[in-house]
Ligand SMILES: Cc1cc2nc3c(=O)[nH]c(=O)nc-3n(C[C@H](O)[C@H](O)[C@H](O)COP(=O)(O)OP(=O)(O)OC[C@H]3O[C@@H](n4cnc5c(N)ncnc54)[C@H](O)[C@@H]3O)c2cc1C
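To begin, one chain is listed below as structure tokens, in the form predicted on its own.
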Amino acid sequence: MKQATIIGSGLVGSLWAIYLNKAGYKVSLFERRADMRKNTISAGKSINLAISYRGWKALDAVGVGDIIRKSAIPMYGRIAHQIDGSTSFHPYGINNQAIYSVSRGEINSRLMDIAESSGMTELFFDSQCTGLDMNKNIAYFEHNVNGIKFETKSDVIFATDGAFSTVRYQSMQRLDRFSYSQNYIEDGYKEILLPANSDGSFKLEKNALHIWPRGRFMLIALPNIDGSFTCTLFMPFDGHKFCFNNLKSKDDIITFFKEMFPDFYQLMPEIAETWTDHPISSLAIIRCFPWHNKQTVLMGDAAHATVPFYGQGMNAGFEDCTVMAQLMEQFEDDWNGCFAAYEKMRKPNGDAVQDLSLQNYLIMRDKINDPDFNLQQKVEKRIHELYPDQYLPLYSMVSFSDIEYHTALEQGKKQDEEMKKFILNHDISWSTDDRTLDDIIHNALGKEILA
């Protein structure tokens, strides 16, 4: 029987094990951490994930999507919270299109369960990879608890061990002509768990992503099945009036939230008491190339770690699985050919999703309050509603289709310029009534919008 080694039992590694099992591979799945399933999985332990079209496509391809849907909450748009307490709803798409909030721990545990229950995947925890012999397809490990060193040999090795991949660091980065960059953004993040009401109900609208945009920083909240919200504050570490390093005392924290997030403070007046429940963490974008050497390949964050502002990190990693599975069928046992095609296809998309993520951070923390930006969003949404098969806004291309990320990025740039010209040339403003706007769109379609 064909043997595969997967290093890293996170989201991509666990899903990829299921793909390999269905392709007839016996999988050894190694993880440096303890088995997360033996601990209580609580909400708020990590940034909540948002599954969109690409993620569901990858899950459904191996028949596990409906299992994950049982614990997923649809979010039909963003609700923006202003300092004065007012709110506005910004739908993600049309016809009730939604992205879905899921717990990282919950989905990861379910995928590990499914892989293990197949009888084709064996999981090894507390097993730190210490290096590879890529000429012989041997992976070396050391057990974290008893210190025993061991090795495993297989037909092929998949490194899905995350942004700070040991495989990439210990083996790939030592290769000649291997390009690598690790760039931290100026901002960090802190997690905050907003508990449910005493009766288990939600303190905020359940079916939306909540956002408190404040120009240079922002707070977001995603719903959990138990009625709580996993909230994340994104903010500079230092160098600004409002930054993490200026919040030195409980009084500082209370003053900050009362001034910048007064409605949130009313929901959670104990914020200062829970401030230290989660650490302040950093955010980095990692780029590298090539993604493979001989029979070893990088997938997911190990190849293209991004920041979380488009909610596409997991979706992009899951799409890696979709693409790799298709190429496996095409190339059969020619792994070198398969991996070369995979990295050629996916590298531009890995770069693009990183660019899209940084771009969307500016939108979420700042532009969502810009009247000109919101007018453009309104016009684009109406065009999409009237001509859904002919015009897709950038967000829909990214979240509700499998158009390649790099294609969406380039098309989005073109459409942004076209929309600005379209609105200016037709003197569209907030005072333009809906009927007039529809007439303008109908008359212009095919001339300016889709030129």
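Since the model is a prediction, treat every value here as computed from it, not as a measurement. Don't overthink the numbering: it's just position in the shown sequence, from 1.
This next part talks about the form predicted in complex with the ligand, which is not shown.
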Query raised in the report: Exactly one stretch in 175-183, 262-270, 77-85, 127-135 has heavy atoms within 4.5 Å of the ligand in the predicted bound form; which is it?
Result: 127-135
Requested in this report: Evaluate M314 for contact with the ligand in the predicted bound form, applying a 4.5 angstroms cut-off between non-hydrogen atoms, and reply yes or no.
Outcome: yes
Report task. Would you please decide whether L49 lies within 4.5 angstroms of the ligand in the predicted bound form, comparing each non-hydrogen atom pair? Result -> yes
Report task. Indicate whether the ligand has at least one heavy atom within 4.5 Å of a heavy atom of T166 in the predicted bound form. Result -> yes
Query raised in the report: Taking heavy atoms only, is I18 within 4.5 angstroms of the ligand in the predicted bound form?
Result: no
Requested in this report: Work out which of H210, R346, R104, R365 lies within 4.5 Å of the ligand in the predicted bound form, going by heavy atoms.
Outcome: R104
Report task. Please state whether all three residues L59, E319 and V323 have a non-hydrogen atom within 4.5 angstroms of the ligand in the predicted bound form. Result -> no
Report summary line: Across 1-39, the residues having a non-hydrogen atom within 4.5 Å of the ligand in the predicted bound form turn out to be I7, G8, S9, G10, L11, V12, G13, F30, E31, R32, R33
